[in-house]
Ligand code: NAI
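A single chain comes next, written as C-alpha cells; it is the form predicted on its own.
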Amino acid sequence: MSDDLFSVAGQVVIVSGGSRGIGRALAEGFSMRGAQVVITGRESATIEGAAREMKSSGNPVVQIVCDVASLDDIARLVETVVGRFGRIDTLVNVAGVNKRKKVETFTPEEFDFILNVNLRGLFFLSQAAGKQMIAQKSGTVINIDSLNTNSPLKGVLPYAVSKAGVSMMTRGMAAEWGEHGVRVNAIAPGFILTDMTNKLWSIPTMQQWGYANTPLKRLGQVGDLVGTAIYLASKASAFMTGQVLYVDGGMSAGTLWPIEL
C-alpha cells in the first residue's frame, strides 16, 4: 500500500546551516526523500562541497551563501528561492553558534555574536520565509532548539538564553501564523555527535557522564534527528504547531542518580 502521510517529496526545503553536522544530515534526509533542498551557510566553498557530496543521495542540492546575521543576505536568499522554485514549503532553522566560557568573562561582542545568529537571525529568516508562506497559505517552519531550554548547562549561558528565545518564538509564531496555514515547531536535540563535538565527547569523563544521564545509554547521532524533522514537515503532523520535541535519548525525562535498584 502506498501511503504519503509522511511524504516530503516535491517540497521546496531551505536548511540554514546545512553544510555540516545536524544541518547537513537534515538536508540530506529531505533530499533522499524527494524534496528540493536549498542549503545555506556563510562560506561558499563549504556549502558547495556539501552540495556536491549530497547530489548522489537524491535531487541535486542547491547552495546559496547566506549569513543569517545579515538582513541583506536573508532577503536575497528568499527572493532567489521563490524566484527559482515559486514557493517555500519548509524552512529548517539550524544555523547557530556557541562559545564555552564563564558568565563573567563574556564580552558584549561575543554575546551579540551569539544572539545575532541564534535568535535575531532565526527571527528575521523565519519572518522573510513566513511572508511567502502566508501568501501561499501553507508552510512549515522547524526550529532547532536545545536541551539547554530544559536545563541550562554551565559555561554556555548566552547560547542557552538564545535557545530559550527560540522556544518562545516557536510558540509565538505558531499562534500568529496558524490561521494562515503555517505551522511552526521545534526540535530540541540532546547531545549529538558531530565534527564539532566529537573531541569533547571523546574525553572519557564526558562519555561516562553522558551515558549515565541518558536513559538510552548512548549519545545521539545526527541521523537520529531526521525522522522527527520529516514528521514535522509532513502531513503526519498536520494538527501540530507551537511544540518543542525533545530528541535527547530521554535526558530531559528526569534526573538519574547513582543508586542501584
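All figures in this text were calculated on a predicted structure; none of them were measured in a lab. Residue positions are given as counts along the sequence shown, with the first one as 1.
Missing here is the form predicted in complex with the named molecule; even so, the following discussion is about that form.
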Listed residue (Pro189, Pro152, Gly165, Pro158) with a non-hydrogen atom within 4.5 angstroms of the named molecule in the model of the complex: Pro189
Considering non-hydrogen atoms and a 4.5 Å limit, which listed residue (Val38, Cys66, Ala35, Met54) is close to the named molecule in the model of the complex? Cys66
With a 4.5 Å heavy atom cut-off, would you call Gly242 a contact of the named molecule in the model of the complex? no
Whether Ala174 contacts the named molecule in the model of the complex should be assessed with a 4.5 Å heavy atom distance threshold; does it? no
Can any non-hydrogen atom of Ser146 be found within 4.5 angstroms of the named molecule in the model of the complex? yes
With a 4.5 Å heavy atom cut-off, would you call Met196 a contact of the named molecule in the model of the complex? yes
Within 4.5 Å, heavy atoms only, one stretch in 67-75, 134-142, 80-88, 100-108 touches the named molecule in the model of the complex. Which? 67-75
Within 93-123, the residues having any heavy atom within 4.5 Å of the named molecule in the model of the complex are Val94, Ala95, Gly96, Val97, Val117
